[in-house]
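Next up is one chain by itself, shown in structure tokens, the form predicted alone.
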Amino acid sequence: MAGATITAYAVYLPGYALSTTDFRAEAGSGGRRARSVAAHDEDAVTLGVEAGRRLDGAARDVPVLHLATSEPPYLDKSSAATVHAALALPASVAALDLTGLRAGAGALRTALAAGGLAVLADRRTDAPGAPGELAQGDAAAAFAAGPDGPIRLLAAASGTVELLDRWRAPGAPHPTVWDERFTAGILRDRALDAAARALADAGLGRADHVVVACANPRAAAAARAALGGGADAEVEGLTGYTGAAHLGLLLADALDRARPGETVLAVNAADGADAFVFAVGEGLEAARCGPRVRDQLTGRVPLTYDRYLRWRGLFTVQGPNRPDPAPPAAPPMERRRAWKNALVAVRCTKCAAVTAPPGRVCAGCGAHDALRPEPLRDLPCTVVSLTEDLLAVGPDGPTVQAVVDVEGGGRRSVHVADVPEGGLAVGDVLRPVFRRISSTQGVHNYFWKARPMEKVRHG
């Protein structure tokens, strides 16, 4: 595995931040400590899609995609397959799932060993009132690995220990944590052992940049102090611990700050430890896809605690007296797979009009079967008309529906995500985003919404 390279990387941080768990306090994003919060229609799949799509062409020439998360939307069904479909990867690319807090390190290790795309995404939720509630967070990172990238792996080392420190049974809404004082020393020692072996194999006494990802803050702080790190704690203090995505988030931040010729030690401590030593070469700027991690920390929308609880289903309020929406059915999903998963419409070969949703008849000239695929997911669109629905079932109203004109042609109706406090207006520019429309009877209905372009701090 030594000698493998990262060819491209990207991070997606959701646009909301929670800085207090006090109902009475006004939320603000400028506090000393905060956690990143995914919107009510975001989960590990949609977060992973946002990070993966930023890699653009670098994500297409890979043999396999690994999705790492501690909160997969499905257990039996593959969540990686949904990410694969939304990224419009070729059918020949395998999509595999890894779960747990060590999954991010596993996905990165596997991608480096055999080439591939590692998508690390997580949405973390502690129990309301738990000491670590504000210390959890949501994020996603994506890494494409191949033979000729600017970030070369010098060495890697791992160790495993069976340890009851943090656990969550299937279906449980939040984890249970053992006394952190007891487990901190064990995790710290494992992290230092893996780091020492990786540094020795790399021929280094220490690295220029050090990041330590661990759910136990005592263990993380002790390992950082021993290894000469600490800058990554600044990011962690504003995002919280982001589970399976945390190693990727902190590694990306270190790469954001690194210069050619420097080295990066990245350690993940969970059920043991995994350590990676990278050497940064020329071409690093080209490998960075999307904005830097610290740039994404600015401009986040402050979130009130009660709104956060409603989004996570931890605080139930009376909604509209309407039945839940019907779940999607398998046959129409299959018939319109390209449209539903990758927002692929059709363009007429005779009059060039775009028809969305796609069909066999051109919406412009009426021509039959004279249409070719036309991807819309990366095209901005402009609001033509708006409707606010106060009766739609959802955790955060009102639901906003817009009719938009797509750049390059085509008009369609969209759900709007991340509506700003001041609302929207005709003429506003939106951008497609992959979100969870609803969840009914255990079926998650994913599709493409659109959100205001001015809210996209990273695109």
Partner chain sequence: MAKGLGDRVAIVAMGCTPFREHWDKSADDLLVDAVTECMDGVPGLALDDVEAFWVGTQGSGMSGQTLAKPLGLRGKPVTRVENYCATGSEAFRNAAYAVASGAYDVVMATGVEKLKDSSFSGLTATWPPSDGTDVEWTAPGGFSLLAPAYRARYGLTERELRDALTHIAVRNHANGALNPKAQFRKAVSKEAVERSPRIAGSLSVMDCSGVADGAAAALIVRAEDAHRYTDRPVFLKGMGFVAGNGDGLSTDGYDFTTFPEVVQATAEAYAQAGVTRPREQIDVAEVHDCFTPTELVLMEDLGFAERGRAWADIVAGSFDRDGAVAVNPDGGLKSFGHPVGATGLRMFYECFLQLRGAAGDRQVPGARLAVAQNLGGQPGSCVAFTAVIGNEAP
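Note that the structure is predicted; figures quoted are calculated from it, not measured. Numbering follows the first chain given and starts at 1.
There is also a form predicted in complex with its partner chain; it is not shown, and the following applies to it.
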Counting only non-hydrogen atoms, choose the one of 291-299, 202-210, 258-266, 314-322 that falls within 4.5 Å of its partner chain in the predicted bound form. 314-322
I have 85, 99 and 103 flagged as a candidate spot, so tell me whether each of them has a non-hydrogen atom within 4.5 Å of its partner chain in the predicted bound form. no
Report the residue, out of 424, 64, 403, 429, that has at least one non-hydrogen atom within 4.5 angstroms of its partner chain in the predicted bound form. 403
Selected contact from 370, 353, 186, 94, since only one has a non-hydrogen atom within 4.5 angstroms of its partner chain in the predicted bound form: 353
In the predicted bound form, does residue 53 have a heavy atom within 4.5 Å of its partner chain? no
Given that the partner is absent here, does residue 58 sit within 4.5 Å of its partner chain in the predicted bound form, heavy atoms only? no
Would residue 77 count as touching its partner chain in the predicted bound form under a 4.5 Å heavy atom rule? no
Going by a heavy atom distance of 4.5 Å, is residue 173 a contact of its partner chain in the predicted bound form? no
Any residue of 374-390 with a heavy atom within 4.5 Å of its partner chain in the predicted bound form counts; write them all down in order. 384, 385, 386, 387, 388, 389, 390
